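Given as structure tokens, the chain that follows is alone and in the form predicted on its own.
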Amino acid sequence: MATEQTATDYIKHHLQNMTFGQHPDGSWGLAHSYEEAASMSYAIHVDTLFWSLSLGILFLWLFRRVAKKAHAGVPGGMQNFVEWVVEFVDSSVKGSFTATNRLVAPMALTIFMWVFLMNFMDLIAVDLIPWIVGQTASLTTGIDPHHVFQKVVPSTDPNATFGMAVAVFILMLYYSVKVKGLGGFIGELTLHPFSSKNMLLQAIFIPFNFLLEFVSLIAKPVSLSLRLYGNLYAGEMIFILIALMFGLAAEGTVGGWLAAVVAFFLQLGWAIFHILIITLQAFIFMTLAIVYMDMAHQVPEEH
């Protein structure tokens, strides 16, 4: 029973974000337990913000550095990689976006690389960075490392995935109104899919059309965010469960060491397969964002 409780605590510790917020007594600070984090009325996930912003800055710095040093001769490995990514994103935009908007390609490139880098953090040993952060906090502040939380994969936090999806959704709404006009956008929500030349019948169809179209509209950012979150959260959970098997080696038994060896090969195999998942999820997020922007630029005659 003790072992089960320890395993449960291990899993809960890895799934808990470093949370800063307002405690029930009105004071502000970091949560040092799951209960403290849940009791906060206003809170932010410090680790999600730190890693997502850091990876975004890394992307901008890396691509800017390569662009400044790019030359017409034989390119180096990093220039080859950046050029391949840019060409790949550019071909994706040309294949999915039929209108003209100079914002879409940079947006698609940013989404693909940013999501990919956030997902890539899932390939780092699950205990490495949390252990470093916990030991650093313990040495500098005396806090028990078990009370220091650190999630390094921002895309396993629904706040991050919903934030990105909402940003795409806002752009979609903006260009829908800009291209079609407010009347055209409202008509798109109320005059389809059921329509009639009879004015009275058309008026009856309006609430039904609005309900169907509104649900379809809201489903776009929800599905966009939950798809990324669900896949990465499941991947992270598998890494955590495999990491639990390594702990059996501490028992010093033959069975424990055997479990650790099996865990090593499981982790290696899942990491190799997970490379496909993190890349595919970044591609899907980018592609859907392009498609949604294309839908926003379609004039009523194209429906």
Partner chain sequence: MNFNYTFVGQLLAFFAFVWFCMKYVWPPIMKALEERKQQIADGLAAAEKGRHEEELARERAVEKLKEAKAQAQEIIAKAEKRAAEIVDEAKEAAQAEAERIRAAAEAEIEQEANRAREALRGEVVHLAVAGAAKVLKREIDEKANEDLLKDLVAQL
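Residue numbers count along the first chain shown, from 1. Bear in mind the structure is a predicted one, so any value in this text is a computation, not a measurement.
Below, we turn to the form predicted in complex with the partner chain, even though it does not appear here.
Taken together, the three residues Met121, Leu123 and Ala282 all stay farther than 4.5 Å from the partner chain in the model of the complex, as judged by their closest heavy atom.
Of the candidate stretches 160-168, 177-185, 211-219, 123-131, only 160-168 contains residues with a heavy atom within 4.5 Å of the partner chain in the model of the complex. Contact check for Phe63: a non-hydrogen atom falls within 4.5 Å of the partner chain in the model of the complex. Contact annotation: Pro75 falls within 4.5 Å of the partner chain in the model of the complex, judged by heavy atom distances.
In the model of the complex, the partner chain lies farther than 4.5 Å from every heavy atom of Leu189. Contact between Tyr229 and the partner chain in the model of the complex is found at the 4.5 Å heavy atom cutoff.
This chain lacks the partner; the member of Pro193, Pro207, Pro106, Gly95 within 4.5 angstroms of the partner chain in the model of the complex by a non-hydrogen atom is Pro106. Contacts to the partner chain in the model of the complex (heavy atom within 4.5 Å) from stretch 111-132: Ile111, Trp114, Met118.
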